[in-house]
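Alright, here's a single protein chain in two forms, structure 1 and structure 2, each given by itself as structure tokens.
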Structure 1
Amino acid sequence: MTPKVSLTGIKPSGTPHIGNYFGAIKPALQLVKDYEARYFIADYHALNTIRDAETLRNYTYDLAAVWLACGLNPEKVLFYRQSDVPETFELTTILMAFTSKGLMNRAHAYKAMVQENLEKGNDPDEGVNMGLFTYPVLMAADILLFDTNVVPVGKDQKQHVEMTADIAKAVNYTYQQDLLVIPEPLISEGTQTIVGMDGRKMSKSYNNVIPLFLPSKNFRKTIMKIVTNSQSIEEPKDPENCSVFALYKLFATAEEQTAMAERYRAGGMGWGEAKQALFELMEREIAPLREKYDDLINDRAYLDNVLKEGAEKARIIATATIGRLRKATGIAR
């Protein structure tokens, strides 16, 4: 039996953080053994927000180095940059014809923006560009171009994958053929939402992220700044409502988790000590990856080459999908 396809993309729109690592990168890499994996850098999605060429370029290299440092093996995983696969944009145009505007009106990111405008008394579409409005169609093209069965993503992306399935069904129904594979989201349970420095969801938009690959010293400094309450050292503490413990759990074995929870409840451990323990545990997992990252980020020629080879392989699959659709739609003569 041919393995099912797992595909996901991350936008190069900021420095990758612990939330991306646990919510997207790690679960995606765990699927590699059971799935045919296709992972990419969604640079055209980032263009909606990043309007400085050098910044976009740097974030793109950064994300490539992060994926590889975290263990993506380009011999096993098809790894490429969205913009290197122009068939994506042809498929986007095809899918546009099958996507109702009403569906896009319901997309979370757009709806949130409209809501914000209304609350401020602005025009509802103030600051909304067509890239944001049609974001789910480009994402559908990314997914459908590669015959994807599962899309490992965080909870926030579930709706986009469901929209992709709706659009694909509309195409298949129209031509009464299984032209496109219907994908489903794959949301890793244990790590649904990683908390940030302030206890809210870790997100670039909230400015509360712990970047994945800071130099060790700065990494420690960042961890020491995680917001906690004002309980004294002696007081027993509740591990369940604590960002430090929530992060600790991600890196700890079951025994380490139990031991730390006991120390919380016993009292006598201050926040500084808890954070230091968190830092040491994080270092255990992150430090070896950081070393690889530091080498990779300084070797742009290598990164270019990996992405170029990935793009060549990706385009073989992409061309086949587009060929199928051109024929079915009558665009091909």
Structure 2
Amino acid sequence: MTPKVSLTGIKPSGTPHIGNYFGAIKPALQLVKDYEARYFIADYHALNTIRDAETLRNYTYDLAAVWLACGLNPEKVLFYRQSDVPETFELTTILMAFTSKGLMNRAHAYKAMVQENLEKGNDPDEGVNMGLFTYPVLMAADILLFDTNVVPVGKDQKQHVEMTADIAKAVNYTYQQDLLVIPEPLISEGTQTIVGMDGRKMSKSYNNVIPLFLPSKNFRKTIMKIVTNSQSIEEPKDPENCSVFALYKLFATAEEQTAMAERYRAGGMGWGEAKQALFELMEREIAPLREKYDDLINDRAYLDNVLKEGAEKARIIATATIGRLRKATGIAR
């Protein structure tokens, strides 16, 4: 039985952090167990917010190195850069003809910007470019081009996959053929919120992140800055109400979690000792990945080759999809 296809898009928008590692990277890499997993770097999507060429170029290489260091195997899964597959943009043009403006008006990102403008007394479309407005169509092309069955997304991104399904159904209905696979969102209910330095969700917007591949010394310094309360060394502490322990659990075995929780409740352990234990545990998992990352990020020729080979494989699939549509629409004789 042929496995279903999953597709994960990754936007190059900055250096990944621990929250990305547990919330996105590790779960996405687990998809290979149940799906024919495909991954791509969505560099054209990044153009809506990143306008410096060197920054975008560096972010793209960084993202490729991070995912490869974390275990993505380009020999076993499809891994490519969006901009290397021109069929994506031909499909976007085709899909535009089947996408109503009303559907785009309902997109969360566009609605949020309009609402923000109205609250400020600005023109509703102040700062809105067509890249933002038609973002869901380019995303639909990314998905539909590769016969995708499921797209792993958070609940807040579910709408994009539903819009993609609506557009695909419109194309299939118009030509009375199953030209495009109808995708479904794959939402992991078990995905947990990763706490940051201050106890809130780890996020760049809060400036409370722990970058994934900081050098070891800087990594430790960052962990030592995690916000804790003013309890003394002697006082018992509540492991279930502590950012240090919340992060510790992500890296620890069940036995290690139980032992550390007992130390918290017994008293006699200061926050410095707890943070040092967290650092050592995190370093156990991250250090080998950091070493791989450091090698990869300094070998752009290798990264270029990986992405080039991925694009060649991707275009075989993409060309077949475009061929079906060209014939069905009458563009091709």
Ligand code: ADP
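Quick note, the numbers are simply positions in structure 1, starting from 1. Think of the rigid core as the biggest set of C-alphas that the two forms share within 1.5 Å after superposition. In this text, all values refer to a predicted model and were calculated from it rather than measured experimentally.
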1 or 2: which is the form predicted together with the ligand?
-> 1
Does the C-alpha of K101 move 2 Å or more between structure 1 and structure 2 once the rigid core is lined up?
-> no
Using a superposition on the rigid core, decide whether the Cα position of V32 changes by 2 angstroms or more between structure 1 and structure 2.
-> no
R51: with the rigid core matched between structure 1 and structure 2, does its Cα shift 2 Å or more?
-> no
Once the rigid core is matched, what's the CA displacement of Q276 between structure 1 and structure 2 in angstrom?
-> 4.4
Supposing the core is put in the same place in both forms, how far has the CA of H17 shifted between structure 1 and structure 2, in Å?
-> 2.4
